[in-house]
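Here we start with a single chain on its own, the form predicted on its own, put down as structure tokens.
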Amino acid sequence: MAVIDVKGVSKTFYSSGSILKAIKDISLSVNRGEFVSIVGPSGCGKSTLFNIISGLQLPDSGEIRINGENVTGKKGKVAYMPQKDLLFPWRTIIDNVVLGSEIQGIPVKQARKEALNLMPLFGLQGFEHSYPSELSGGMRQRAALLRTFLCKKDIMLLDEPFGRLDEITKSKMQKWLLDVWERFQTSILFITHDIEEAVFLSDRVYVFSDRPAVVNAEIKVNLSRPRSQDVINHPEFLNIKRRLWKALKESI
């Protein structure tokens, strides 16, 4: 069953007499417990689509359905982690990660207790009272992801969360994310510019064209789970990677 169903969504921006067509007639879906990625050229409208799914922007046409319900323009239906970690520098890590819970009206004591219980899983034990400036890039991203998980939504939108990390840290974070995802069984829609990352993480990958973005390809990742880093040398992994590169080059 599709938990996210994007149907014919288009969006154009108008500013100071200029017209920017961002996305055009986008349709895609994410099934329950599925990990789906989107790849495409920079600036093609992927983040715009996330803003529409999360209710932060309205489409010009089309609709967003969550669990069959039309939620176009409605906020609070999904958990959304944007590209930057957006941790407040004046708040400790524990106070940062419970922010979403506070906004949802969850009592602070309850939110902090739950966050503290999850700190070891997210690799943040011992850093509860540290400030963001005292953490590495990978740890900041884990804190931002913990804040997203604490929103307690069955659907998560992750907008290129590892794009600013070095390759070694990124590799560790990818494996860690899969471990956490398999434990919580959430449905994830994930934006990345990294073809190898998309293949390693995903059940399916959508390829977007250049702006205005359309869906140029949908490729299924037929690789067993759980996955280790060794899978990147598997012939089927390399085959899927080649197919994605071909689809991406044809999209530019």
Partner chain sequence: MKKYFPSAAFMAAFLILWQFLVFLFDVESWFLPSPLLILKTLVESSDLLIHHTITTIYETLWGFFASVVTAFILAVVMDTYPTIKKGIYPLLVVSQTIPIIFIAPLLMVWFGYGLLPKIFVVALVCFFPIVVSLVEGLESVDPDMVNLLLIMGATKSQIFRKVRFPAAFPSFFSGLKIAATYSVMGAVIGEWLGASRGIGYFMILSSKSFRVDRVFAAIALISFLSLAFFGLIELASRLAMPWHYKNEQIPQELYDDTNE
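Between two forms, the rigid core is defined as the largest C-alpha subset superposing within 1.5 Å. Treat the numbers as computed from the prediction; the structure is a model and nothing was measured. Numbering follows the first chain given and starts at 1.
Keep in mind the form predicted in complex with the partner chain is missing from the figure; the text below concerns it.
The contact with the partner chain in the model of the complex, taken as any heavy atom within 4.5 Å, belongs to C151 out of L165, C151, V71, M119.
Site annotation in the model of the complex: the residue of A111, L87, L158, L177 reaching within 4.5 Å of the partner chain with a heavy atom is L87. Heavy atoms within 4.5 Å of the partner chain in the model of the complex belong, among the stretches 52 to 60, 29 to 37, 197 to 205, 182 to 190, to residues of 52 to 60. Using a 4.5 angstroms threshold between heavy atoms, Y131 counts as touching the partner chain in the model of the complex. Contact check for G123: every heavy atom lies farther than 4.5 Å from the partner chain in the model of the complex. Interface membership of V78, defined by any non-hydrogen atom within 4.5 Å of the partner chain in the model of the complex, is confirmed.
For R147, a non-hydrogen atom is located within 4.5 Å of the partner chain in the model of the complex, even though that partner is not displayed. When two forms of a protein are overlaid on their rigid core, residues whose CA moves 2 Å or more are considered shifted, and E102 is not one of them between this form and the one not shown. Relative to the superposed core, T72 undergoes a C-alpha shift smaller than 2 Å between this form and the one not shown. Annotation for P132: C-alpha shift of 2 angstroms or more between this form and the one not shown, rigid core superposed.
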